[in-house]
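The chain that follows stands alone, in the form predicted alone, written as structure tokens.
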Amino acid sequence: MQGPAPARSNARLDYYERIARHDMAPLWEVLRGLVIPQPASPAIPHLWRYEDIRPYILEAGDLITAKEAERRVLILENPGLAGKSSITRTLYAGLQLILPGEVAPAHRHTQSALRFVVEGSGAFTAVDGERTIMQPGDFVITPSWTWHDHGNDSDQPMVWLDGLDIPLIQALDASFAEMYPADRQPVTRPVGDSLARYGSGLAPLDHPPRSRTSPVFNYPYRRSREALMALAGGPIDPHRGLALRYVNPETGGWAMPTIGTVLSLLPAGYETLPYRSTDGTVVSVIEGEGVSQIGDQDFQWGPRDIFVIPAWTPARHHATTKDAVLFSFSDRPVQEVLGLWREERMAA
């Protein structure tokens, strides 16, 4: 695949012009760029420092209402994917602002979405008739084609990280969307219903799985952190730190069919060995401070910062003075189903 390029004689160039009129092109001229020996993502490593971008998030609240915008979000656009509204080739990320008293109108779409709460406490997301109150560090799921709206009944702004499979669904030409006839959908189940039914190692008797998405749509950070810290004294992966994946309790698989989510702990002073995988990964810092070497760049990070590791880019992480807790998401579930996912664990 990587031999010398075919010579371009005048006869060949004339031939290319003639077949182009019939909407054809010679594979041998482009094959080396299509079938490559290893991934070469156009996405690049990048970090968004929350203290730098927070003023712009709040300023958006003065410029446009949540209802007018439908979703008041600032896209985290990878510098290597300018104009693509993407943070990796298959994933979208943005920071959404809901001010006190506001409602982001109900709608649904084929894209699957996650919300990871960055700042504020007490706003809600409603999904298919159930409302959940959101706290910092909570991981909230909006499954594909489910009605959902957001509102803020607290007295402070709420900011959360949105993660969606928008670029993947665009590539598949499978996008559908619909607005609900009212701003808010009816609430038909009490707060905490799904967590009580499915989130305690129990499930309703004789209940078949509803979908490939977890029936638990809010994984509270308090509970997730307790589980992580309970394992802190045990073995730790030298390349990934102590990492737990969020699961669908009905199947034991990933919580979402197209987006894999992970909660990781790096003890203070711990430094991982270099690691790379084919799933481009978005990381949100919950606690602690540290530095990550991604490719040939170093990024210093702290709470609420967000950074991206492009596919097949070596990365190593060092928690400095405090334990670091990181939330991350990637397209690993899709790659695993297709038999494409790979990892490489490197020496120091």
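For every residue, the number given is its place in the sequence shown, counted from 1. Here the structure is a predicted model, which is why all the values come from computation and not from measurement.
The discussion below concerns the form predicted together with 2,5-dihydroxybenzoic acid (GTQ), not included here.
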Legend entry - in the predicted complex, segment of 196-204, 163-171, 264-272, 227-235 with a heavy atom within 4.5 Å of 2,5-dihydroxybenzoic acid (GTQ): 163-171
Legend entry - Exercise: Arg276 in contact with 2,5-dihydroxybenzoic acid (GTQ) in the predicted complex, heavy atom 4.5 Å: no
Inset, instruction - Find out whether any non-hydrogen atom of Arg115 is located within 4.5 angstroms of 2,5-dihydroxybenzoic acid (GTQ) in the predicted complex, and reply yes or no. - result: yes
Inset, instruction - State yes or no: in the predicted complex, is some non-hydrogen atom of Ile133 no more than 4.5 angstroms from a non-hydrogen atom of 2,5-dihydroxybenzoic acid (GTQ)? - result: no
Legend entry - Residue contact check: Phe139 to 2,5-dihydroxybenzoic acid (GTQ) in the predicted complex, 4.5 Å heavy atom: no
Inset, instruction - Could you work out which of Gln96, Thr258, Asn152, Asn218 is the residue within 4.5 angstroms of 2,5-dihydroxybenzoic acid (GTQ) in the predicted complex, going by heavy atoms? - result: Gln96
Legend entry - Position in contact with 2,5-dihydroxybenzoic acid (GTQ) when the complex is considered in the predicted complex, options His107, Arg245, Arg89, Arg184, heavy atoms within 4.5 Å: His107
Legend entry - 2,5-dihydroxybenzoic acid (GTQ) in the predicted complex - contacting residues of 63-77, heavy atom within 4.5 Å: Arg71, Val73
